[in-house]
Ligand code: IFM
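What follows is one chain in structure tokens, specifically the form predicted on its own.
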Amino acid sequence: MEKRFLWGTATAAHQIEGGNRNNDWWEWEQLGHIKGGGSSDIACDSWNRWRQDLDLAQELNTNAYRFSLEWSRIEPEEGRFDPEAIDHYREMLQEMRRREMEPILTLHHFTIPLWLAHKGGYEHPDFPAYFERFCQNVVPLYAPYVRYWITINEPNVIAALGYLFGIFPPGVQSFSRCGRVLKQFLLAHARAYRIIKNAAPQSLVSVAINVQNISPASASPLDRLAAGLVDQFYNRGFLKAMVDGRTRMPFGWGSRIPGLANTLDYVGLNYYSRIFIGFRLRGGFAEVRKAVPRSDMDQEIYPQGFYQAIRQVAAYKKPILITESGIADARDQYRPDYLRQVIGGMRQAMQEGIPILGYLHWSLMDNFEWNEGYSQKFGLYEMDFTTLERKPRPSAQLFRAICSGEH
């Protein structure tokens, strides 16, 4: 286990790099799905300014940085791997090591190359094999620099928003197809895990799972049942499958997936908010909106749920790395208190003996927030998307004090 506690920030390639028109999200953007009509064309220009981004991270006195590879840059055409893109990410890793910053590397964060999207994307029968080939081409090259790996970021979010609610690409609304995609992610993760362990046996591998605090809308037994089912489907099923190797609803009925059991070395935990679930005669359940304080993203401001999420994933008896936690707050009026409360909840869990490896705040800077475009500000650094200037918010100074042990 890592001796030093990891304090850091997290980003994703498509949200910050800019200049890439070769993945499914770029195509989705051109179809008019983005709030305000924005696109990722420039984003934060981090493809060119990544050293400046590392400077910003160091100014926060962080010792870790989570970022992702952009598959569509590395394999822009099926079977063709771009050596310049591969070298770009290797140079980033080498620079982080020179700065004594621990890289937390995400292999897949929401985007796939256009060539794969046009073949059927995650639903294509060979998606796990395509992901395996991608991993075979990058993992051995990056393994000397990386200890912490995330194979897939928020598979439950991709499946739910892309294949159940239809608000992420490819815009499908089908419970069965949602379940099928989740199973594809399990197969892909199992293959990636084996490749990483073969290249670097001492590496620690996980997914980053989004855990919502899912509460019943009332004390009604039916509301409690509905909330419990959603919790099982969304929060628990994927992690359980990586521990015991068995499928469960909504992506199976207890069958074994070869090579999947024991492919969870730690739990990568992403936490943001709480939702209330109530029973409905039509559809079985639905989110129930309540009059609660909300962030700019219209999510309940509920830092208390962070401790509860930690306790929930601690049941898997694995170390925990907080791979994302943050709040959309352009005026920075709620973020400082949110930070204090989530860090307090994490410290309470640690005092109770729960092994936590580190905390990575989402995000280092404002970025392209998927369907929300540039309307949502999660950054410790405020971005001017016209000049590309990065400016620290007051909460950045608070986070620096926390990382320095002064708070």
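Note that residue numbering follows the sequence shown and begins at 1. Predicted, not measured: the structure shown is a model, and the values here were computed from it.
Note that the form predicted in complex with this ligand isn't included here; everything after this is about it.
Undergrad: Since only the chain is shown here, I'm wondering whether residue 272 would be in contact with this ligand in the model of the complex (any heavy atom pair within 4.5 Å).
TA: Yes, residue 272 sits close enough to this ligand in the model of the complex that at least one of its heavy atoms falls within 4.5 Å.
Undergrad: Would you please decide whether residue 156 lies within 4.5 angstroms of this ligand in the model of the complex, comparing each non-hydrogen atom pair?
TA: Judged by the heavy-atom cut-off of 4.5 Å, residue 156 is well away from this ligand in the model of the complex.
Undergrad: Since only the chain is shown here, I'm wondering whether residue 324 would be in contact with this ligand in the model of the complex (any heavy atom pair within 4.5 Å).
TA: Flag for residue 324 set to yes.
Undergrad: Does residue 67 reach this ligand in the model of the complex if we count a contact as any heavy atom within 4.5 Å?
TA: No - in the model of the complex, heavy atoms of residue 67 and this ligand never come within 4.5 Å of each other.
Undergrad: Based on heavy atom distances of at most 4.5 Å to this ligand in the model of the complex, which listed stretch, 25 to 33, 46 to 54, 340 to 348, 368 to 376, is the contact stretch?
TA: Among the candidates, contact is made by 368 to 376.
Undergrad: Exactly one of 261, 297, 288, 230 has a non-hydrogen atom within 4.5 Å of this ligand in the model of the complex; which residue is it?
TA: Checking each option against this ligand in the model of the complex, the one that comes within 4.5 Å is 297.
Undergrad: Taking 4.5 Å between heavy atoms as the contact cutoff, choose which of 89, 302, 110, 71 touches this ligand in the model of the complex.
TA: Residue within 4.5 Å of the partner: 110.
Undergrad: Pull the contact list for 63 to 96: residues with a heavy atom within 4.5 Å of this ligand in the model of the complex, in sequence order.
TA: Not one residue comes within 4.5 Å of the partner.
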